[in-house]
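Just the one chain here, the form predicted on its own, laid out as structure tokens.
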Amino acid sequence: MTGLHIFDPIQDCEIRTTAKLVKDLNGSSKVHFIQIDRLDPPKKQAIQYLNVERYGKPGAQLPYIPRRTYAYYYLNDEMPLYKALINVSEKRVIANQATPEGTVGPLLPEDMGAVEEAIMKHPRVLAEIAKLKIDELSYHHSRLGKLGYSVVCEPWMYGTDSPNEKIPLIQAYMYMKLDHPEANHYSIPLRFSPVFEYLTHKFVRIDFLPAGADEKYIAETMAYQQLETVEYHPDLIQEPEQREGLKPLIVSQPEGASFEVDGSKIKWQGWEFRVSTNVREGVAIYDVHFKGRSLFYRFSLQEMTVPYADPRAPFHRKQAFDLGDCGFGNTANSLALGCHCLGVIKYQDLTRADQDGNPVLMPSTVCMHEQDYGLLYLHKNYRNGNTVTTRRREFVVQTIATVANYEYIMNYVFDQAGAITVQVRATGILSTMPNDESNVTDFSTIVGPGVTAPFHQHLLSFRFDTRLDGDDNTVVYDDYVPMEENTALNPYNVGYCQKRTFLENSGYIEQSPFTNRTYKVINENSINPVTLKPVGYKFEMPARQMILASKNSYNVKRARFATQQFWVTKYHDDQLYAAGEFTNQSQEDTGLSKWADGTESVRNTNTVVWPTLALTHAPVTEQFPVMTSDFLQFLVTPASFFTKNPALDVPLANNNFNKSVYYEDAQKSAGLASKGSSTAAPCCKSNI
């Protein structure tokens, strides 16, 4: 492990060391691992390391910080859940203990596959499937001919509706599909849903699903009545028509990429930071600097909850915590050239552990590349006709997770003026439910014959450990309000001003879109010599509806972070996840609701901010059978952090560099006819 940085992702040998030490500790008991990953070093030690790394004399010895891991595991496939902390540098166990009664660990891909297989083989489930009588049915496809049907099981986290559930459970939603590997099973949801124990695969019961306008259901599986399916794959669309006229748009960098990669460290256009993969968050960004000035110690998406609107059992328990229950690393896609990212691409791999503690390589789960995004700045001097123009180049760090039906595309976009766009795109397939013919409800949308898609919300919590020009920062919010009327200063009643409020103690800031409320992090110890005020960065977030469930519901008790858009806490090493460390079947939030309780001062100290992105999603038919991506984003941008536009050193745009061509010339070069002609002024005329 020589040469590893303190923020580098976990290595194969570290997983093996962790697994061996935990197995040795537990003797003859069967150890069932569900998660092993690297643990960040204590921040105080890490800051000393980073300061020597950045500011120390050449050849200065970096402080020794042992690398640590954690492991979640069960013994003999029984409760309780255990957690171990391991010093892998010195190959010793730091701590090992059982978690509190009823704590359920995150789900592991191999375990989900095993429980799915067990469900599909269980006699009680097979008996329900037999009642469908699908062996007697066939589907005539216009191109593929006669197709049969098969049944699909999709295991879901059980959720919570009672304090009495103390063991890990799985709620399996059942579907049918055409007997083709690319068929859309979400088009045929079935009306029975088995519940099984997660670890032992023991049958618990079968829930029957309501499909009408109320909570009532038929407690019997009936023979399937054939309906048209709604397919998305070209192989299965009945009369596929491929759109014509789309020509290649090739991103070319003939002189190579503008970014540098050294292990996990990235340098690009004044930016310096480290990119590190992990099982829970997928990717985290560390030690962020722009133009030599510190901005953030660490930031990431660290939790998301997706509560559904259908109040009927068992859908009332349908609330996923996609990172805490599953992990964006566990569910990450392997990204491919020409599909997920275009241009000159640098990939990073992710390594996770299986149930036996063996490393599992997940290649290319993060892609990094540059992209053009229009104009960065432009001004035409109307007095002489000269224009200054620069193109907006961006650097993108992207990862994509597939959590059952949904895909989440997570982008961190860095620009040349010191701003970061945090962007999430939701795509994939809507989670669906069975629906009686012509049954219309006000909490779901019919998207096909016999199938409806329930309303739901996506509430994503990000964590930014701020370090603007140093370790002590302050959070403020600015409102813009009218001045007092009919004063000597404001006799015409047109004036308005900024009203600044300091957040003194941990807590949250309410949204206030009609005062244009803006959240800012400032450094009271670093004064901008131009404005004569503290330097800062602002979090530009659109006003959004937060979680809709009642405050007395388990949905809210488990995810208090989803009740507010912007939270602030004082830094502590073990406070990483907004809903707490363990979310699967949790009874309550053990995260922000405990930490942001107003008992700690957050002024001019080591501050952490927790922005919440929210989307209330009422499905529409254009989003089925597969969704075009829905955008959610916010900006983290300088707010008088610099003394002037930090992008003035970006070269002006010119066509010798960008090599654009006229439409007519391109058509002619491609051997195609064109009509008309174009005349344009010389590109970006300037006397500079």
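Predicted, not measured: the structure shown is a model, and the values here were computed from it. In this text, residue numbers run from 1 along the sequence as written.
In what follows, reference is made to the form predicted in complex with a further copy of the same chain, a form of this protein that is not presented.
A residue is said to contact a partner when one of its heavy atoms sits within 4.5 Å of a partner heavy atom; residue 27 fails this definition for a further copy of the same chain in the model of the complex, lying far away. Proximity of residue 70 to a further copy of the same chain in the model of the complex: non-hydrogen atoms within 4.5 Å are absent; the residue sits far from the partner.
Contact check for residue 57: no non-hydrogen atom falls within 4.5 Å of a further copy of the same chain in the model of the complex. Heavy atoms of residue 455 reach within 4.5 Å of a further copy of the same chain in the model of the complex, making it an interface residue. Here the chain stands by itself, but in the model of the complex one stretch of 184 to 192, 130 to 138, 585 to 593, 570 to 578, 184 to 192, has heavy atoms within 4.5 Å of a further copy of the same chain. By the 4.5 Å heavy atom rule, the three marked residues 343, 442 and 652 all count as contacting a further copy of the same chain in the model of the complex. The single contact residue among 202, 533, 122, 166, judged by any heavy atom lying within 4.5 Å of a further copy of the same chain in the model of the complex, is 533. Proximity to a further copy of the same chain in the model of the complex, defined as a heavy atom within 4.5 Å, holds among 98, 257, 126, 114 only for 257. In the model of the complex, the residues of 271 to 293 lying within 4.5 Å of a further copy of the same chain by at least one heavy atom are, in order, 290, 291.
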